[in-house]
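Presented as structure tokens, the chain that follows is alone, the form predicted on its own.
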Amino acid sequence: MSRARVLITGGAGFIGSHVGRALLEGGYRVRALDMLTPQVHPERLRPDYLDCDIELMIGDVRDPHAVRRALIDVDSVVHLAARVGVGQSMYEVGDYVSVNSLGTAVLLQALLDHPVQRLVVASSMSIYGEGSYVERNGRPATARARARDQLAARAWEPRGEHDQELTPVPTPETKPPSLNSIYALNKFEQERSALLFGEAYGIPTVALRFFNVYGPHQALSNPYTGVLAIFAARLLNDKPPLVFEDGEQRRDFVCVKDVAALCRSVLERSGLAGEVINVGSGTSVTVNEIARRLASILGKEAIEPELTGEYRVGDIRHCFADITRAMQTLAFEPSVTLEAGITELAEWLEGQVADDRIDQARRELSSRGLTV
């Protein structure tokens, strides 16, 4: 009996390569469709970190011919292909909508003629906007959008509808979306399109809302990649990490190895059709703490984070995952602690060359009025 073949769109990327390895270890055959975008793959070559047993097909997810060819003899699809980055999505609107929304539509159209046993689509924590909050008495509350005059006054914490103080709490999948950027809108459209399609055509489909994924093989020269990789690029070039606002915003960092293991579990577990699942660590940490921990592990303790006091349009204050659903439906238990994960990231970083482009990206945002 032949082994099941899985197609990973964006499979030569950071998360895709780890998912591919996890699937190979599970006995799957793996095919990756990737356009090797220069922002992530400057040399436009097969990355060294991509397992040699992964079949790489170079092609654009927006190209119907490339997608149909990639789907030949495929049993399941993990759809990761996307342009990633809240800030960049606000000024490269056409490209983000094209890759993320049109690319998903092209894939779904092709699946009409090549139906699969399961479809997994990568969504994002960004669709929540602000995370969940409670009042002092523990009652759930909705955070008001932070107005520009509030941010200009450097009053960073969101307030309730009656201007009451709020406390951030883990965000469950039941929180209504609040789309603060083109990227967030794209990811919500990807998620909903895939789930609607799956329900209509009887293809079990699951949407995974990734929080801040980190680990080896992140694109260090991409100024819109994960914050840990951005900070690492700065530190490796003996520059301070640039921290927006006051650095006390809280995020959920989840190791890519745990993410890859969960993706494999989704393909192997029945009864998940139509589910939306948070993929995080279930813990939170401030951006300041992340910057200092990384500097310490890299032996760069003397380089303190630089607090810019700036706010980027589309940014939110606090958001970290409630992973109860993943634990209950997939028996998911994050196995990599933040300390162990950052240590492994630091070991990989040894000898890496990072082209630090964050200053250029910061000037781009500022010139377009996207920082306050």
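Residue numbers run from 1 along the displayed sequence. What you see is a predicted model, and the numbers here were worked out from it, not measured in a lab.
The same protein also exists as the form predicted together with a small molecule; that form is not shown, yet it is the one meant from here on.
Not displayed here, the small molecule is approached by residue 244 to within 4.5 Å at the level of heavy atoms in the predicted complex.
Although the partner is absent here, residue 315 is a contact residue: one of its heavy atoms lies within 4.5 angstroms of the small molecule in the predicted complex. Mapping the unseen interface onto this chain, residue 282 falls outside it, with no heavy atom inside 4.5 Å of the small molecule in the predicted complex. Residue contact with the small molecule in the predicted complex: residue 79 places no heavy atom within 4.5 Å of it. Using a 4.5 Å cut-off to the small molecule in the predicted complex, not one of 175, 278 and 326 places a heavy atom inside that distance.
Judged by heavy atoms within 4.5 Å of the small molecule in the predicted complex, the contact stretch among the candidates 268-276, 97-105, 167-175, 120-128 is 120-128. Note on contacts: among 71, 185, 298, 287, the single residue with a heavy atom within 4.5 Å of the small molecule in the predicted complex is 287. When the small molecule is considered in the predicted complex, only one residue from 150, 212, 193, 132 comes within 4.5 Å through any heavy atom, namely 212.
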